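Okay, so here's just one chain, in structure tokens, the form predicted on its own.
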Amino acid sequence: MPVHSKQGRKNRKDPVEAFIPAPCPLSPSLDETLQEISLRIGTSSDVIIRRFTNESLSSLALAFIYIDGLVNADTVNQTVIQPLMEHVTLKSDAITADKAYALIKDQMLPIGGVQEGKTVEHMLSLLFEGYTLILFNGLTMALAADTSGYEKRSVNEPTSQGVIRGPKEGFTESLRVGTSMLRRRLKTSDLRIEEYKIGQRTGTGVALVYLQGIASEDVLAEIRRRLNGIITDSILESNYIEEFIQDGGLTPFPTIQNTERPDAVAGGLLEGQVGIIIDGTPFALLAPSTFFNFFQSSEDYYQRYDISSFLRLIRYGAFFVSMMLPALYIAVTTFHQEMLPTTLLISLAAQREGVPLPALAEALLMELTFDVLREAGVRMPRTIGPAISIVGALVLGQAAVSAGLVSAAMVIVVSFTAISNFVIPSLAIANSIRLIRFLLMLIAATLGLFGIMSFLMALLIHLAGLYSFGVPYLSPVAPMIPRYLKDIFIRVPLWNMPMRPKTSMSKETRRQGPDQKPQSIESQKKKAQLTGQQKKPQGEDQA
């Protein structure tokens, strides 16, 4: 039967799940265990195997295994190998494998992290995390000492979410560094960290962090269920987790935030969100997330509420400009010229005179050119990337206008649209707008303003139907909850926000005490006088 036939294709179905070998128990024979481990990991040059044998009693034999580069060599030598080789008891004739196991486990390893294992798979997973394995001849269990000490990047300022006022440190690729940065900010016993191993070949560490009593138990149960349901061979970045667990997989809008700022994660946890930190990437996830979370920045809470509110309104305005300005320009210049003032219409018509392309082709040409320049700027070396992007945009824009391919007004529209896109603090939703903008331009070129309004209504209905782990995506606007609008379009003073946002569906919804508004000395005196006058009649009555 030909391989390319329908029956042949049916017989070549991929297995539902990736191959998972059955657990292999450790053999009582040290040689067989070492042979099985060598068979599993091959003859890699970075795997170090060191044997220890008691010459006076042949039954006591140990072996140390670790991977060079994943461990701290000084820690291995000084806390594992040297104490065991120099200990007098291990050299005596009376020592047996059982006694040596208990002695080493309870007394001889000056290391905090010591684990026991009975299967080859468990021991190999610890070996790949930087542990040093201690195998015993005659026993079906082994010890693993935490000697990890691989190279990692130091804490630096976040590259994509910088602030003028506020903390200047961001997550690194180390999971433990990330959890420690949260511990330093949230010094409470309510901070919980649950770890998962996801990825059958990468074994990536994933930490679920939340505040007990503040995070919703329903949201936590749903996130745990989705994390446990992931069956894949690799997790290399936070987007892998995000695509597996997010709601609305076919929507262009993100339903999970990502951030590389530990203060942003700490703030989210305090508002009832759940954080997910992934080993190997500086970007952590926050869920559940509403549409309005993507327009909030950590800096909103590090400066005065009035300037924060002003900047937040600018972000919403930039959102609409970035999404709709090219489409509106195309619709008005193509179908609705009567809406423009006469002088402006004459100016635009004079600029477009001699341009051979319709407005849609102009806009697509300029938008695609800008996206090409932006991608090129990202891939170019850091020293020349920004310069090439700016020079390329200026030179190409001026040359296109001079050559009569596009009008000067279109260059202004596309440039302002691109700048507005960078005002939005979340790159995830900014990228969503880039895609929607192209669709809106096509609709504007065919249906004009009627098509734009129809698309916006459909988009609004779509957003109203989205959920993020059970929380409505447009909450608290739809459904409308007025008392939770204090930190949505504007930010009121912190003393006027005593309650946590609606995303926190826990019992502990109050985060501040009553009467937190600062009072002047005069107002305090007046308040004291009023209080005294109210108490005086009661005192006279008692007299």
Partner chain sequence: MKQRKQAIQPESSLPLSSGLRSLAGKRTSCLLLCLPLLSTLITGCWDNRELNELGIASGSAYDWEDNQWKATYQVINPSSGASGMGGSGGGSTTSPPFITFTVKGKTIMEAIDKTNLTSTREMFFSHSRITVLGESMARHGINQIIDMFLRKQDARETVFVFLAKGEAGDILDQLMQMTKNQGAGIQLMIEQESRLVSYYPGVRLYELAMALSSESGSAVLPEILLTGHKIMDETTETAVTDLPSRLALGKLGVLKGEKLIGWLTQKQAFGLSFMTDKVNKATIAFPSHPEAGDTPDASFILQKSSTTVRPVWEKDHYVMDIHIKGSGILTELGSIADLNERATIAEMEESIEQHVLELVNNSWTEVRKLGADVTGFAVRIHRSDRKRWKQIEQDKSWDSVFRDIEIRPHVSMKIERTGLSNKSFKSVQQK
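Residue numbers count along the first chain shown, from 1. Computed from a prediction, not measured in an experiment: that's the story for all the values here.
The form predicted together with its partner chain is left out here; the points below concern that form.
Close approach of residue 292 to its partner chain in the predicted complex, 4.5 Å, heavy atom: It does not: once its partner chain is placed as it appears in the predicted complex, residue 292 has no heavy atom within 4.5 Å of it.
4.5 angstroms heavy atom contact with its partner chain in the predicted complex for residue 468: Residue-level check for residue 468: no, no contact with its partner chain.
Any chance residue 107 has a heavy atom within 4.5 Å of its partner chain in the predicted complex? No, residue 107 stays farther than 4.5 Å from its partner chain in the predicted complex.
Does residue 189 make contact with its partner chain in the predicted complex, using a 4.5 Å heavy atom cut-off? No, residue 189 is distant from the partner.
Which of these stretches, 121 to 129, 177 to 185, 160 to 168, 349 to 357, has heavy atoms within 4.5 Å of its partner chain in the predicted complex? Residues of 349 to 357 come within 4.5 Å of the partner.
Can you pick out, from 112, 341, 381, 229, the residue that has a heavy atom within 4.5 Å of its partner chain in the predicted complex? Filtering the options by heavy-atom distance leaves 341.
Though its partner chain is not shown, can you say which of 212, 334, 140, 82 has a heavy atom within 4.5 Å of it in the predicted complex? For this set of options, the contacting one is 334.
Taking its partner chain in the predicted complex, which residues of 128 to 143 have any heavy atom within 4.5 Å of it? Heavy-atom contacts within 4.5 Å come from no residue here.
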